[in-house]
Ligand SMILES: Cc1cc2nc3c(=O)[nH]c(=O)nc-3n(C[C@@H](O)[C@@H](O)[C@H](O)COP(=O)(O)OP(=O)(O)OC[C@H]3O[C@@H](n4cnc5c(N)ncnc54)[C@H](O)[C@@H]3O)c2cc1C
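Here's a solo chain for you in structure tokens, the form predicted on its own.
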Amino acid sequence: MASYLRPRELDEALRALRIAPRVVLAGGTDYYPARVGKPLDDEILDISAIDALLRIEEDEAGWRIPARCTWSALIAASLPPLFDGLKAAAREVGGAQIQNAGTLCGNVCNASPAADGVPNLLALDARVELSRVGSVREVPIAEFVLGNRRTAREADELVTALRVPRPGRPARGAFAKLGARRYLVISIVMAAAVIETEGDAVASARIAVGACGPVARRLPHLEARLAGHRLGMPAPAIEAVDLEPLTPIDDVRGSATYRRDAAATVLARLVEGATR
């Protein structure tokens, strides 16, 4: 018979995963909808009572966003403009009920190609903190999300946090999304940017696009072209070579051709807004 564990201490959760694999549950906003009409017979590890995984922390190296941090908590947190893109994505994730329950780490672990959080985390150079009994390791977000519903997490590991490094220069984030309607919609295309500035110019840029392939992708050619761009000047036009990392597909939300064209439009708006 399936069992349900809800520990209050992190060590207890890690010991449970060392004994046997379990489905990790935090907000449940992905788990329960995927099992409508099906028996709930999984071995569950519910981490929603572990207070050590609740609060965002900051130190000289950067920020630690723990596994229980919800979208609503992120929106309410006092964070610098670096996080403006991630906060904008948080406001687009479902409705208030989903934002109050769903977690950023859960969004990453679900590994949907249309996960709004992942392009922002790529642009933030985030790393995923994975804990097991006796050890902790960190994996770049680009190496953690491997494909549709696939991650680098091993069966005895728990994603305990996302780590965002502190940039060496002033930085701000931005996010843009296209869906079939304004609210409560899965993205057709979404894009995120982090722009670091020096004086009145772009010192460096990190740009990522989601829902245009099995995983979100950075756009290194566009990033390189933005370096040195004067703030307030018209942004460079999006070129076909900028979109080469993308591999969109045809599905019910749009054709591959439409997605590629939409990505160019969304990116143009994103870059123009981020470099004003």
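Start at 1 with the first residue shown and count on from there. Bear in mind that the values here come from a model prediction, so they are computed numbers and not experimental data.
Keep in mind the form predicted together with the ligand is missing from the figure; the text below concerns it.
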Among 242-250, 25-33, 54-62, 219-227, the stretch whose residues bring a heavy atom within 4.5 Å of the ligand in the predicted bound form is 25-33
Taking 4.5 Å between heavy atoms as the contact cutoff, choose which of 238, 215, 208, 47 touches the ligand in the predicted bound form.
-> 47
Of these, 93, 82, 74, 141, which has a heavy atom no more than 4.5 Å from the ligand in the predicted bound form?
-> 93
Is there a non-hydrogen atom of residue 110 within 4.5 angstroms of a non-hydrogen atom of the ligand in the predicted bound form?
-> yes
Would residue 115 show up as a contact with the ligand in the predicted bound form if we use heavy atoms at 4.5 Å?
-> yes
With the cut-off set at 4.5 Å between non-hydrogen atoms, does residue 132 touch the ligand in the predicted bound form?
-> no
Is there any non-hydrogen atom of residue 177 lying within 4.5 Å of the ligand in the predicted bound form?
-> yes
Contacts with the ligand in the predicted bound form, stretch 195-222 (heavy atom within 4.5 Å) = none
